[in-house]
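A single chain, nothing else alongside it, follows as structure tokens in the form predicted alone.
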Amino acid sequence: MENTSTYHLQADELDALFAHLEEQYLVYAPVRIPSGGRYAQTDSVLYRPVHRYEDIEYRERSTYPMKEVLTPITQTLFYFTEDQYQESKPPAKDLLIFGRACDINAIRIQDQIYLLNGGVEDPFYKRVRDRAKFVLMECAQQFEGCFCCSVGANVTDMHAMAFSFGERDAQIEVSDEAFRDYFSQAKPSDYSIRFPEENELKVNYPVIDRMDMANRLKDHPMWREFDDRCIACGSCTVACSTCTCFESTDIVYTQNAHIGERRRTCSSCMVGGFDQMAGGQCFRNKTSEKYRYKILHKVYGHDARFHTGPMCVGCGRCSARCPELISYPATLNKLSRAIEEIQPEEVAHHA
């Protein structure tokens, strides 16, 4: 990246840096939560405010993605009375969020959905997004299930700084002029931040370039197995870096039915009733239909609207969170093979 400078800071200098940053920013990064995992005596890694370099868990992939800072699983949008409403408070300071290249690239997709979808900007997303800057976390190792290189999400230029982590030190690459003064007394370095160049897991990401191919794939027998395998719990979509489905609920306070708050809560197209209409009609009753919709939306539907490629950054969290051990990359490879099967049939049909 052009116009970058790199510095080498020791532990005491890093703590001083974080104290200085906190004067202007709320700093968020992955933090280890002891015994906070899904099983007894297992940990989780979640995004939380950090105050010291040592707070950051950089050795493992976070359980949930960076998006939970911008769009929490549950958030209050506004409070209301009989004839008035008041928006919830925005962040007290600007946000500085640590994340890997895939996480930062996922924000591009979040931006498309919340800010560019139908020409209407979501004001509750925008008021937070406008105040957020990102710090790249260098990936020094592969995580199980990662395939960012297969979808082109392994490189980003959307960060203000980049950190290469050590036990008691860090190499920091600064690309945003707003942060250079923080390093006026720091020791320069010739280190260059590295991006992943190849994943151990390689995915033949399917390409669907027209509606008739998508319609033909809906009837492919590959989906039937998911009626037995998938329990439609929604864990994959909650952990997904790019999914944005939510529900809005009015919470009415018990003592006065005319006073309450409207909340936006993360939801999932995989959960029963998500597509339910007035009268109880649902579009996708079988689990296989829900799973098929999710996959085809990520592969085809999003790109058909925005023309920017897959709605996926290859972070691997969906597979890691699935209690039934369903592999999203394996599904993608099956879908690619299904496309290869259909294409010769089309040639023969038109011959």
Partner chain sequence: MLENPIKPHACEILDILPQTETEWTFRVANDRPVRHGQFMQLSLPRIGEAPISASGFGSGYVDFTIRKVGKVTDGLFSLQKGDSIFLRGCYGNGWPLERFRNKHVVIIAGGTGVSAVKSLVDMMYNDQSYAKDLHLIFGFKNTCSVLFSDDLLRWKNAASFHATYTLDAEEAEGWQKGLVTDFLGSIPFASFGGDYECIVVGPPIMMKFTGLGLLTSGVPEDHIWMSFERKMSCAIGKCGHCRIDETYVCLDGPVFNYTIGRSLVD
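Bear in mind that the values here come from a model prediction, so they are computed numbers and not experimental data. Numbering follows the first chain given and starts at 1.
FYI, the form predicted together with its partner chain isn't displayed, but the following is about it.
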>> Suppose contact means a heavy atom within 4.5 Å; in the predicted complex, does that hold for all of 6, 24 and 175 with its partner chain?
In response: no
> Quick one: does residue 131 come within 4.5 Å of its partner chain in the predicted complex, counting heavy atoms only?
Replying inline: no
>> Contact with its partner chain in the predicted complex for residue 220, defined as at least one heavy atom pair within 4.5 Å: yes or no?
In response: no
> Given that the partner is absent here, does residue 167 sit within 4.5 Å of its partner chain in the predicted complex, heavy atoms only?
Replying inline: no
>> Whether residue 304 contacts its partner chain in the predicted complex should be assessed with a 4.5 Å heavy atom distance threshold; does it?
In response: yes
> Pick from 82, 197, 200, 181: which has a non-hydrogen atom within 4.5 Å of its partner chain in the predicted complex?
Replying inline: 82
> Looking at 117, 142, 171, 204, which is the one with a non-hydrogen atom within 4.5 Å of its partner chain in the predicted complex?
Replying inline: 117
> Of the listed stretches (131-139, 91-99, 261-269, 184-192), which one has a non-hydrogen atom within 4.5 Å of its partner chain in the predicted complex?
Replying inline: 261-269
>> Within 4.5 Å of its partner chain in the predicted complex, counting any non-hydrogen atom, which residues from 271-307 show up?
In response: 273, 274, 275, 276, 277, 278, 279, 281, 283, 284, 292, 293, 297, 300, 301, 304, 305
